[in-house]
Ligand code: FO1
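Shown below, as structure tokens, is a lone chain in the form predicted on its own; questions about how it binds or moves come after it.
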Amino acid sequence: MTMPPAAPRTVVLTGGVGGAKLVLGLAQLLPPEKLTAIVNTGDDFIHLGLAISPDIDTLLYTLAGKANAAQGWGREGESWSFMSALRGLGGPDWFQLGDGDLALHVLRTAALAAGRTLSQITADFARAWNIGPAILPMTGARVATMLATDAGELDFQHYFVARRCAPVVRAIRFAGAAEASPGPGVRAAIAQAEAIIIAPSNPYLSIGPILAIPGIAAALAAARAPIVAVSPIVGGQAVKGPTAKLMAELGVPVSNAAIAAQYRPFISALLCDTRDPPADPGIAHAAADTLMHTLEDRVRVARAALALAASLGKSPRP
């Protein structure tokens, strides 16, 4: 009797809703102990005195089956009594904090004040919701994604949420990244991986902060595992968010070749969408339907990414 091949030890770099969708797809195919997500924390910020980690929370909600199905972020069945009371007192209401969502922020803030690390707190939340895959913050240090725009320099949340991505972006920097170290377990996960997937998250705002951490970039460069990026470009546009707008403003062609170039020092191959023209991105590649509306879609994309990684073996990157 032929035994099926063992599942690879897989690491995925992720941020945002698109990344969480792919991690959920991978979680349907891999044993929990074989899947590790390294999550962007460049979006993290302090609001109303609370420590908020939007990308971590989106992934927690998604893997726990608690995510709002319509919008992909926030909690399903959320209530808004806190925001209503805040608004009635003249408080800032540009960043929505649902009543259930607020629980994570309050507990995280209290735990940080008590001396626990972001990695420990994230693991506590995952354990409380019976989430099997490891969720590792990219760093425990304070790193902030900052955008130079025609409206002045804005932190990520004021650009993305308060200004709805309207300002024209001229440059991006990751404040604090050069002095930061990878979070606990991050380097070891990359070194031990048999496949590394870069999710179809925004390459500049979600994956860029992760790659800006010096130890992570070095670990990826030294990794023995094939590294596959899933392109966020579908039919010449980004599925969601400001990726295509941002690329145009930065003078980057909205193409798979540009995505491959962005990840060139690390990746072995690129998974493109079947709707895109069959142009050569300048690197090993494969095509699949990468739109992820349903759970079946997410599993399909995850399977295609793993298959592409498996086809590469341990061949050196270009």
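In this text, all values refer to a predicted model and were calculated from it rather than measured experimentally. So that there is no doubt, residue numbering starts at 1 and follows the sequence shown.
This next part talks about the form predicted in complex with the named molecule, which is not shown.
S.K.: Even though the named molecule is not shown here, does residue 96 get within 4.5 Å of it in the predicted complex, heavy atoms only?
M.R.: Yes, residue 96 is a contact residue.
S.K.: Do residue 281 and the named molecule come within 4.5 Å of each other in the predicted complex, heavy atoms counted?
M.R.: Contact check for residue 281: no, nothing within 4.5 Å of the named molecule in the predicted complex.
S.K.: At the 4.5 Å heavy atom threshold, is residue 25 in contact with the named molecule in the predicted complex?
M.R.: Contact with the named molecule, no.
S.K.: With the partner left out here, check for me: in the predicted complex, does some heavy atom of residue 187 sit within 4.5 Å of the named molecule?
M.R.: Result no; residue 187 lies far from the named molecule in the predicted complex.
S.K.: So, a 4.5 angstroms cut-off on heavy atom distances: do all three of 54, 57 and 105 pass it with respect to the named molecule in the predicted complex?
M.R.: All three within 4.5 Å in the predicted complex.
S.K.: Among 191 to 199, 127 to 135, 213 to 221, 88 to 96, which stretch has residues whose heavy atoms lie within 4.5 Å of the named molecule in the predicted complex?
M.R.: Looking at the other structure, the answer is 88 to 96.
S.K.: Which of the residues spanning 152 to 171 lie within 4.5 Å of the named molecule in the predicted complex, based on heavy atoms?
M.R.: Read in sequence order, the residues that approach the named molecule (within 4.5 Å, in the predicted complex) are 156, 157, 160, 161, 164.
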